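What follows is a single chain, given as structure tokens, in the form predicted alone.
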Amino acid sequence: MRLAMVIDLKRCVGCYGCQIACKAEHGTPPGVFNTRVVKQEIGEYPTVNLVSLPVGCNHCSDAPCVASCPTGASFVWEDSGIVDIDPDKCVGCRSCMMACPYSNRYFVSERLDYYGDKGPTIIEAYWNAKTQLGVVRKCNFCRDRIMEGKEPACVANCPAIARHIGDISDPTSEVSRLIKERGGFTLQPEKGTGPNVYYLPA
């Protein structure tokens, strides 16, 4: 099985629901988003459109981040194809960040709380106790949730139902069908990394 995510750009309204759900699920510090929504205006007045593009780790089939990691901290789960990081093996060299052509990895070196000197909130204190410093972080398709039979937080919380996840190696799966019927495409295919996040055209 190889998990893939399909994002329907026709349905995405740029509400940031996926970004907020991911931040709540993983307790990322200020400025760190495992998934984020990039917005850009295209066209000229009076026909200007605002395009929203949700981005995150592409869980590449030929992941350069994994190949570049000197300690084996970046690895691929054989049961799902999810690219993940073992924080106990990560030495913070950041070679994976340089290797990723999508800039979807983050290095967390210090504790940052939203309210500064006032100290962490209850939620921040909870995540601070669980999160290691000096390591790289990224999206892992909410592997813990998937192992419990749940959808990733970004998928489960998308109000527009613009996100889908499934087994791309199964030609009868929903994601395979959507990619085939709607002309799904990946970002920067010329990099040869084999991304497993597909977009359906708007």
Partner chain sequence: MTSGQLKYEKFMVDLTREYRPQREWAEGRGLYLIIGHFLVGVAGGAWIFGHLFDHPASLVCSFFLAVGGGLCHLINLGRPERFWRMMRCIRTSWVARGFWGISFFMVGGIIFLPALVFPDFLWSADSFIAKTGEAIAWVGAVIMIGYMGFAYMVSKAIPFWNSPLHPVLYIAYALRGGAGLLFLLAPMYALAPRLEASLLQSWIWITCLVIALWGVEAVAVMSSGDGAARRSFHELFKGNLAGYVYIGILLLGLVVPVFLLSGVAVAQTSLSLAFVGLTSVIGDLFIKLCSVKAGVHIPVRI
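Positions refer to the first chain, counted from 1. Only a predicted model underlies this, so the values are computations on that prediction, with no experimental measurement involved.
Another form exists, predicted together with its partner chain; not displayed. Remarks below refer to it.
Trainee: Can you pick out, from 159, 43, 27, 30, the residue that has a heavy atom within 4.5 Å of its partner chain in the model of the complex?
Mentor: Only one listed residue qualifies here, and that residue is 30.
Trainee: If the cut-off is 4.5 angstroms on heavy atoms, which of these, 165, 57, 153, 69, is the one near its partner chain in the model of the complex?
Mentor: Partner contact (heavy atom, 4.5 Å) among the options: 69.
Trainee: Contact with its partner chain in the model of the complex for residue 80, defined as at least one heavy atom pair within 4.5 Å: yes or no?
Mentor: Result no; residue 80 lies far from its partner chain in the model of the complex.
Trainee: Heavy atom to heavy atom, is residue 87 within 4.5 Å of its partner chain in the model of the complex?
Mentor: Output for residue 87 is yes: heavy atoms within 4.5 Å of its partner chain.
Trainee: Would you classify residue 187 as touching its partner chain in the model of the complex, given a 4.5 Å non-hydrogen atom cut-off?
Mentor: So residue 187 counts as contacting its partner chain.
Trainee: Evaluate residue 145 for contact with its partner chain in the model of the complex, applying a 4.5 angstroms cut-off between non-hydrogen atoms, and reply yes or no.
Mentor: So residue 145 does not count as contacting its partner chain.
Trainee: Could you list which residues of 7-28 come within 4.5 Å of its partner chain in the model of the complex, counting heavy atoms only?
Mentor: Only a single residue, 9, comes within 4.5 Å of the partner.
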